[in-house]
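What follows are structure tokens for two forms of the same protein chain, given separately as structure 1 and structure 2.
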Structure 1
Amino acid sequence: MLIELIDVSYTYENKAPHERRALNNVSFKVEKGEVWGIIGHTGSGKSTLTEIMSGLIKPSGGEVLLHGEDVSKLKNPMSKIKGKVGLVFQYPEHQLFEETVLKDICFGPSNLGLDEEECIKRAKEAMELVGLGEEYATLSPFELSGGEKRRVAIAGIIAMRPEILVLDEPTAGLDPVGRDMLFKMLGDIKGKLCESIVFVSHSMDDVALYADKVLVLNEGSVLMQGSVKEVFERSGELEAAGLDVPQVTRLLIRLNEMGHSFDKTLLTPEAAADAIYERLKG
């Protein structure tokens, strides 16, 4: 296992009047090769969880095991996690600051203490993985389109060659084509560089299509976790928790309520159309 969280809790402003519990005994683990989707309402603790996984904040309780070693009690967990878990924030393009795309991407690896040659090598490798041609290297990041900027920001993280790439709402604000391209790109990155990917999303459709495993958070606690199929089988509970289920799932549930019997874990229009067609013609 790459990273495992055991009974992790987090309280903002601990023991202060504004104390607020953001995470409650959350346990989950990411194995090599997995793509996890984390879903939940605003305020459910998704972002806090990504910050704990990447060592930005220490949990108030529980353990964070990286390759089996508890890093949460270290004085500076960052020293162990740095370079192993890469976190891409929401709207990461707002954080670009350098004069050129190449320099911006080199910032992460140079903070790992690598020499310039190695940084440039890694930056170029990262650019290729996110689909930015060499001609972008000398451009100012501020001249690029929103989608291109986001790719530069992601390249800056993967240039550190993290084993796990964690992304907080990577598709916010992108159009459908941009969204598909981003997930395709993540697939490439996973095949070539990172062992595992964890992404936070509001969109059940994105999770249904691109994740293998799903973690559903509700008010700081784990509501359910498991394979995409296992989680969507409990779509009633998801809806009761006020979460969006894919439109196709809603349709199949409605048809089942009308007395039909369809497998409600069919998530895509293609799969559902095939099943309905078979029933109509079969």
Structure 2
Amino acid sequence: MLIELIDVSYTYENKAPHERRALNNVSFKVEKGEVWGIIGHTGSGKSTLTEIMSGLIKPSGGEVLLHGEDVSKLKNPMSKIKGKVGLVFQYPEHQLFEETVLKDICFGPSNLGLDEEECIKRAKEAMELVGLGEEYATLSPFELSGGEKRRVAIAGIIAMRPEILVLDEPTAGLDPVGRDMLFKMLGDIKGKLCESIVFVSHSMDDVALYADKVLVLNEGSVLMQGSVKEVFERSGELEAAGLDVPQVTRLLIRLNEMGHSFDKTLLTPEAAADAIYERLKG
């Protein structure tokens, strides 16, 4: 187990007139090699959860265990979590600030106390993994396209070699081709510069295609969690909570309503197409 949250709660403006409960007794854990997708409505607590996981904020209650050690009670959780959990914010390209791409990517490793040689080595390795050639090293990050800026920002996090890479809406603003490229890139990164990945997404299709497990938040509480199939086969509960299901799932449900009998836990277009083809052939 890399990180585990046990009954974690968080309240904004605690004990103030406008206090707001963002998380309520949330528990889940990330094992080595897993890819988790976190889904839920806007305001369901997804971003707050990622900030607690990365040590940016302390929970109001509960425990955050990193390799079994409770870091939530530390005065500065970031001191223990830094370098272990890397958070990529939504629209991370807005965080770029250095003169060159190489300097920007080196910033994170340098904050870990590494010498210049090691920082540059890690930065170049990260650049290669995100598909940025050496010619980008001396360019200003502000001269790049939006997709390239996002790659620089992600490279700056993975150059720190976190065990867990956490991404808040990593595909926001990207077209379908850009989304596919990003998740392929994340697949290349996992197992090389990080052990596990957690990503927040509004896209049920992205979660169905790329996650192993899913955490569903609703008004700050866990509505359900489990494997992708376990979660999306409960499509009725998801829709009752106002959440969408993958397009493939919606198609199979509609076909079943028309009198056919398809496995609605088929999650990829290819699997659904094969099943429909076999039925038509039969």
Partner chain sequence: MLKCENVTFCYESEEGENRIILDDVSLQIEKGSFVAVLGRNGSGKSTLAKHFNGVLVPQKGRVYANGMPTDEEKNLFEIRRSVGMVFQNPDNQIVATTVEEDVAFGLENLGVPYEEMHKRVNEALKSVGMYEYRHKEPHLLSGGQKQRVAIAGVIAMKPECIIFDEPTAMLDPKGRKEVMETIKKLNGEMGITIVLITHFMEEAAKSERVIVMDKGKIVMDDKPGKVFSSVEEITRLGLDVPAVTKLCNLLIKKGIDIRGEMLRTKECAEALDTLLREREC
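Residue numbering: sequential along structure 1, first residue numbered 1. Here, rigid core means the biggest group of C-alpha atoms that superpose within 1.5 Å across both forms. The structure displayed is predicted, hence computed values, not measured ones.
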In this pair the form predicted together with the partner chain turns out to be structure 1
Rigid core fit then E69 CA moved by 2 Å or more between the two structures: no
May I ask for the C-alpha shift of M258 between the two structures, in Å, based on superposition of the rigid core? 2.8
